[in-house]
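Only one chain comes next, encoded as structure tokens, the form predicted alone.
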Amino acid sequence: MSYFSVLYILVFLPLVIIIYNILPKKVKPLVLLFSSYLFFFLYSKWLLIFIFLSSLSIYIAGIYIKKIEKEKNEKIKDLDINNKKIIKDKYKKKKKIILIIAIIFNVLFLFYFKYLGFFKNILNNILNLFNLNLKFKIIKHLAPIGISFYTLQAISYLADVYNGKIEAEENLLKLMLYLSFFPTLVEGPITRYNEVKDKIYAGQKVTYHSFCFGYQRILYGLFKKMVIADRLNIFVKIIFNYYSFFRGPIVFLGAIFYTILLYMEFSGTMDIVIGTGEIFNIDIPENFRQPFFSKNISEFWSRWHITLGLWFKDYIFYPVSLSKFVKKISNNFKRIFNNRVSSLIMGGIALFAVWSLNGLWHGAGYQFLFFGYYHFLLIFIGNIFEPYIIKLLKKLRINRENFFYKLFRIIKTCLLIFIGELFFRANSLSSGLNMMKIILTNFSFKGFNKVILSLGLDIKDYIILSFALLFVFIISILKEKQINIRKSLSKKNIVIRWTCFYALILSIIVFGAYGAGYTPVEPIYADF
């Protein structure tokens, strides 16, 4: 049952809303918890035991860390500074042991379901190199839905409890709801406990305003997915499966279309997730902020999958860059070179760790690791040359805020992103490299018009895509200019409001890519 299915939009969600609204305030969070576990069961059946075990493990670990902290505070009350430090260090080690055990316990589930086959394959390749007559059997396992997302949420909760940012939750059911909340379960966003705990347990009644605002956002997500992403899916599947039959421009167009498809599917899902949250008066963080207006790769990744980027920044980048090992390396470079080189090295090591894990988080395959290292290099090289580019622009008297210069930077960033997403979607790393070879060595437009009309889309499809993309582009420009469209629309009279509402519904029904000849895009990030 995906968020885009009729079963979710017209059956599951309305039933949850009705039951949630008629029951007392105290029971409302339990309705959300039961609905979340039911939603998980409909997706992954009895694999829901793993999200329960994850919730139970972080609950127990959190309580133990809280207990250790309380014991420490009691023991250091009347001690002098030196003895206080000894006691603090002792109890910090105890907390760290609990934290590490709980994180390993959760990561082992993720490793087993998602990465075991990949690493077995690597070991088999190594054994083949040495002609050893030994081979590990690779068995594919069906992973619990959303395991990558709720594992990161579990780690963030524990880390925040350990660092004293939040207090450990003493109610197991509340923690279970945080990890399994059905709108965020499949594709995120990756929420922090302190961001959602107050609203998710508040049990606020669904109002006419929250219902309308929520379903407006849901409809916009459906439009992006069903009118644009599902339509592009036909073209994209053919190109990536049979790329060797096409010339460079068609292959590159496939990469562009895939990037648009990915954005429309993923941001469309986020619209449905955030819209569902709005119905229940629960604020779910935004995960996209007009990424295609970015002027460099770093900015793009601060606007795309925002919550994942922030997670890596807080729980990987900072801990790595501030670790004793990295500081030692940085200090050695500082003695030989200067502060800037030292900072670049320190940041570069942390950045490498982030993008290695980022690549692997997205999938168990060499192409995902390549995807990670590709972006690491672009960002790291950008950090190195940024001061020199600024100096050069000053000498050439080029204003960085000039419209045409900003446009040039946006186009350059988009082109680099298209290349990255080509490898992200490629069936393997070798397929991605072969596709790039075709783009670079066979870039001929001969027969281009005829070919694009033979790849599952006709003139009518391209016209619909053009108008749909223009619609999304205009909304994105308005959002970039900080114009809240829905608030502005809510101030209009009821006729205008409901005309827009029904126009969106009608456009999905009439122009949605479903039925014969169309294959809906599966939830892409659900596999990550």
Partner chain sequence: MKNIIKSILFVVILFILCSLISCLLLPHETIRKYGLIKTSSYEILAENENTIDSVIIGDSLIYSGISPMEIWNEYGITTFDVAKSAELINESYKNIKVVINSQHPKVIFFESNVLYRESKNKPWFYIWQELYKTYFPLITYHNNWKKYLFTNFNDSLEFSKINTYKGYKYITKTVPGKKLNYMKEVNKEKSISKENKSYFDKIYKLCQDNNIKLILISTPNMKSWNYAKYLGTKKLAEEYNLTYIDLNVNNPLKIDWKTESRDAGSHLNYKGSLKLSHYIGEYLYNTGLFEDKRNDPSYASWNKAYDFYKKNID
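These numbers were taken from a predicted model, which means no experiment stands behind them. Residue numbers count along the first chain shown, from 1.
Not pictured, yet referred to below: the form predicted together with the partner chain.
Interface residue remark: I464 is counted as part of the site for the partner chain in the predicted bound form, having a heavy atom within 4.5 Å. In the predicted bound form, the partner chain lies within 4.5 Å of some heavy atom of S454.
Though the partner is left out of this view, I494 does reach within 4.5 Å of the partner chain in the predicted bound form, counting heavy atoms only. Contact check for P520: no non-hydrogen atom falls within 4.5 Å of the partner chain in the predicted bound form. Figure note: of the listed segments 241-249, 197-205, 325-333, 269-277, the one touching the partner chain in the predicted bound form, with heavy atoms no more than 4.5 Å away, is 241-249. In terms of contact with the partner chain in the predicted bound form, the residue from K224, H305, R425, R231 that brings a heavy atom within 4.5 Å is R231. Among the residues F473, F41, F501, F34, the one placing a heavy atom within 4.5 Å of the partner chain in the predicted bound form is F501. For the partner-free chain shown, I494, W498, F501, Y502, I505, L506, I509, V510, F511, G512, Y514 of 478-514 come within 4.5 angstroms of the partner chain in the predicted bound form, judged by any non-hydrogen atom.
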